[in-house]
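Given next, in structure tokens, is a single chain: the form predicted alone.
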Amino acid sequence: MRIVSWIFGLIAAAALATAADARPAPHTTIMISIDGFRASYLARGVTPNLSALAKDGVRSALRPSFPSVTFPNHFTLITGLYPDHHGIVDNHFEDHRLGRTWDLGDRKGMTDPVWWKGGVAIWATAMAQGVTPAVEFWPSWGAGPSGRMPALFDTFDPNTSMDAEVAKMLSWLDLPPGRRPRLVLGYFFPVDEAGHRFGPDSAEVTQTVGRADAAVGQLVRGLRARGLYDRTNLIIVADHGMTQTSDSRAIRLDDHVDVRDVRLVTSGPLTGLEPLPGKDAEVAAALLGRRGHMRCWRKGAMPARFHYGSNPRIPPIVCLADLGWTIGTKAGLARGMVEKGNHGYDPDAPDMAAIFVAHGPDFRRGVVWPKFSNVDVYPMLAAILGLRPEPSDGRLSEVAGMLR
């Protein structure tokens, strides 16, 4: 009897092993952010690869979080928190408690994990729950309880082409099963760079959009060659859009307030300033409310839809320019601070809308979804990866209908 039981045990074990082998492997998810890719760029006729993914998957547009600039929104995409809540409140800001300034130009300083403690990145959650992530150039660092980055991680290098980035991501998918990532985050920057330099209406931007699309096509071909295409979710997003700007649409702070009474923290479409001691009343009287092509608020009185104004890193007074206008001092504007294209404006402005295309086994096919907030990307990622998400401002219910 013991021999018979042993034989039946072997048969049962073999059956279980066969059943396990027959189960499909978990889906891989690749999310690439194309910085500054305005949602309407898809209509320019130079994106055959992205357009094919959109037609066969889900196409929508993302409403960026306020302010509609790069680092706050990239951190929002992977935490589901508004910038007011995760603490990366602008591309440049001050933290008086730390006695330090954060700036996107300070590559060494901004990678200090102390800045990123306000949110837990999706890759940190993945690592904690046994899902291997890989990060190629994503503009966030050290987010999570440990402050560690994934083992598969490349620091941003502006000299690396989009094609080379795709090759690196594909090489990660060639790793043995124990090391192969199931979540890959990638980042392309040239579309944003061209938008600032030449303006979104330029031929140069259209050409760069075409190059980004070609890199996506390279990724699709690489997945097909590896037999991974049908088992991979591809999500293409952006942090914000882009609008045309010019020197002729400049707002001079000097025309509204004595600039000797304020300390300028940031300038541009979104401008933050701090009245000097004893000057609060004068500055408030001069700036608060509608002033030509800008509107200024005390930080705690900003419109609720911006979800912005409570974080201590936000300056006491915040001014927002109308779409296409730039705020600065006469001295700053004289130095040529106005680019041909910019962002940072009201997130509801159509030009600020960012691309969203999703395709793969966890997404429905042929769906055009209404524009939605980028905080909702995080719970969607957690759902398709099978992760228990951290608390966030995002709501899965807002995007569940695009999932299978």
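Residue numbers run from 1 along the displayed sequence. Computed from a prediction, not measured in an experiment: that's the story for all the values here.
What comes next is about the form predicted together with a small molecule, which is not displayed.
Engineer: If you check in the predicted complex, do Phe75, Phe93 and Lys117 all have a non-hydrogen atom within 4.5 Å of the small molecule?
Structural biologist: No, none of Phe75, Phe93 and Lys117 comes within 4.5 Å of the small molecule in the predicted complex.
Engineer: With the small molecule left out of view, which of Trp325, Phe71, Phe306, Trp172 would have a heavy atom within 4.5 Å of it in the predicted complex?
Structural biologist: Exactly one listed residue reaches within 4.5 Å, namely Phe71.
Engineer: Between the options Asp376, Asp346, Asp351, Asp35, which residue brings a heavy atom to within 4.5 Å of the small molecule in the predicted complex?
Structural biologist: Contact with the small molecule in the predicted complex is made by Asp35 alone.
Engineer: Decide whether Arg107 counts as a contact residue for the small molecule in the predicted complex under a heavy atom distance cut-off of 4.5 Å.
Structural biologist: Close contact exists here: in the predicted complex, Arg107 approaches the small molecule to within 4.5 Å, heavy atoms only.
Engineer: Is it the case that Phe156, even though its partner is missing from this view, gets within 4.5 Å of the small molecule in the predicted complex, heavy atoms only?
Structural biologist: Yes, contact at 4.5 Å.
Engineer: My question is simply whether Asp213 lines the interface with the small molecule in the predicted complex - judged by any non-hydrogen atom within 4.5 Å.
Structural biologist: Taking the distances in the predicted complex, the answer for Asp213 is no, it never comes within 4.5 Å of the small molecule.
Engineer: How about Pro139 - does it come within 4.5 Å of the small molecule in the predicted complex, if we only consider non-hydrogen atoms?
Structural biologist: It does: once the small molecule is placed as it appears in the predicted complex, Pro139 has a heavy atom within 4.5 Å of it.
Engineer: Work out which of the listed stretches, 183-191, 249-257, 309-317, 223-231, brings a heavy atom within 4.5 angstroms of the small molecule in the predicted complex.
Structural biologist: Of the options given, it is 183-191.
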